[in-house]
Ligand code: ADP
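Next up: a single chain in structure tokens, the form predicted alone.
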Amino acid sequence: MSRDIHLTLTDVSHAYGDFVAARHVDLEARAGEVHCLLGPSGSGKSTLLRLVAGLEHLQSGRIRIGHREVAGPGIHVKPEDRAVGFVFQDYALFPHLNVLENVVFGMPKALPSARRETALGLLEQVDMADYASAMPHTLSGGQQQRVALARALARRPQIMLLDEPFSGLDSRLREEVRRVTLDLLQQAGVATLMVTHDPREAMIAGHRISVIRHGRIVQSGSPDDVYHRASSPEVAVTFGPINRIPAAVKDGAVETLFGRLSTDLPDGLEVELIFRPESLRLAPLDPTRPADDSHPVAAEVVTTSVEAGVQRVGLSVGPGLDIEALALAQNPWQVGDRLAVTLEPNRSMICRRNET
């Protein structure tokens, strides 16, 4: 195992009665990186966090933190003995303790003066030192989140678990608090496993994203991988609009409007070419110019709309076959314009026609 992998889940399965919350999950989180678990409510995200934290007894599989197995057959290390910090969705601050006392709580044993000094240093890092004597109920949501982070870091964790930590904040505050939180975790070299149901947040925060459905991870990869090279239409639409056009496999390649794309799928299979609107390049159609290796497709603009400086362009590329493109709106295209449309290389995916 590589030294920089601080968290490893191997073939983890877990059920509550007949409800299977985790199905043969393999997952890694590396030091200094954020691994986002993305999925809807009930998909098994929070169950995986609880298993890593030791709040649930693992039923099947193995969990390692660093080189130590903390859960597996006959093994269950207590939560307090795992090098794990946990920031809950509701922050879970102790209401009867002030900010400083919340951070000190659960710190490794040391002289009281040393613990106080360490706690104040952590509060300084999250810009909350001036609130050391404040009670939690007097703080805003963003301030409570920062205190919860300082308290979690006080355990000197190898692993940080974040369960929808920014969902209760308004959009402006969410951006700021998320940036501060993730910067601190990266500086500390902590491996972070973060649960979210927000695809945009996963794309912004994650070095790696695992898309989870019904307890099973259906794809893991970098934000670019899961966005532009999704493993299925279901994963693709999670991250935004897609275009889908029919195609066919012949002689080890897929014949598409945009040329031949190599594939391992068998000949004769009915497939779809799937790509995002921003993966298309638009240019005025020159009817005198022959098609080149980039395989431009002739199209007619049928609809347009502009939003936040971006133009959505509806294109007809054949009888009954429309697609959508995104373009900068400085020189907007007009309905009726004839365009040459090119698909960016490595920005498409091929799936079986019945994978809907």
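Numbers follow the displayed sequence, beginning with 1. Fair warning: this is a prediction, and the values are worked out from it, not measured in the lab.
There is also a form predicted in complex with ligand ADP; it is not shown, and the following applies to it.
Contact with ligand ADP in the model of the complex, defined as any heavy atom within 4.5 Å, is confined among 34 to 42, 327 to 335, 66 to 74, 301 to 309 to 34 to 42. Note on contacts: among Leu343, Ala21, Leu9, Leu339, the single residue with a heavy atom within 4.5 Å of ligand ADP in the model of the complex is Ala21. The closest heavy atom approach of Arg62 to ligand ADP in the model of the complex falls outside 4.5 Å. Using a 4.5 angstroms threshold between heavy atoms, Ser46 counts as touching ligand ADP in the model of the complex. Taking non-hydrogen atoms only, Arg30 never approaches ligand ADP to within 4.5 angstroms in the model of the complex.
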